[in-house]
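Before any questions on how it binds or moves, here is one chain, the form predicted on its own, in structure tokens.
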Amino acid sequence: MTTPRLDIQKKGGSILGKARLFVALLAFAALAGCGKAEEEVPVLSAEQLQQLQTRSESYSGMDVAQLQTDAEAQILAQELFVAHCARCHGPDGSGGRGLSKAQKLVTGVFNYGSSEEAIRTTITEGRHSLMPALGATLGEVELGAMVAYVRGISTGEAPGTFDATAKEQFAEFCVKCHGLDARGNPAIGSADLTDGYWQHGNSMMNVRLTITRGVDAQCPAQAGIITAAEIELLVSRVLQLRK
């Protein structure tokens, strides 16, 4: 028995059906690149990690400002960064791929704040970023309007340009974390939607996927894993990576 062929062009085929197929194809195209191999990051042995720790102790007591101006310290700081941070953020701080990618540190845009103290807290205590998935809550029309609305905020377009439904949905689901002005809240790590930086990509499809799937990302705490001297070196490196 021959399986009937799906023909969206047949007479009576709905526009909605074609639209859904188009969205599905876009989603497939967006996800196709997620499986690409990222730059390989070497895994250090316990002995190599111990060597880094021993070398770091010679910088114990130096503050971040001093470490930033010490060329040898920055070489060691970069080695520490590759050992402890590059698996998520990339060796050069340019971030990873896909919806789970870590922040691009070279931008200097940090959801939890870019001050020395904020970065130290992030490294020491770790962070857990959570954005609820709205895919099962928003309908196709609402979702499309929300994507246009949120992308418009980042480009400075007047919110009134978009459907009133989107403003209502934003007020109901997004304001609590991102704020009435959409500038985010460093206390909870919600992103500033007005700064033009999109951690998970600013294309219509990437924004759509972020809203639909939500975000659940963990930056592991380093306290108890690396020493205070290593933490200070890493803080100095992260500050140096900012462009």
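Note that this is a predicted model, so its numbers are computed, not measured. A residue's number is simply how far along the shown sequence it sits, counting from 1.
Keep in mind the form predicted together with a small molecule is missing from the figure; the text below concerns it.
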Would Y59 show up as a contact with the small molecule in the model of the complex if we use heavy atoms at 4.5 Å? no
Does the 4.5 Å heavy atom contact test between L130 and the small molecule in the model of the complex come out positive? yes
Looking in the model of the complex, any heavy atom of A217 within 4.5 Å of the small molecule? yes
is_contact(Q222, the small molecule) in the model of the complex, heavy atom dist at most 4.5 Å: yes
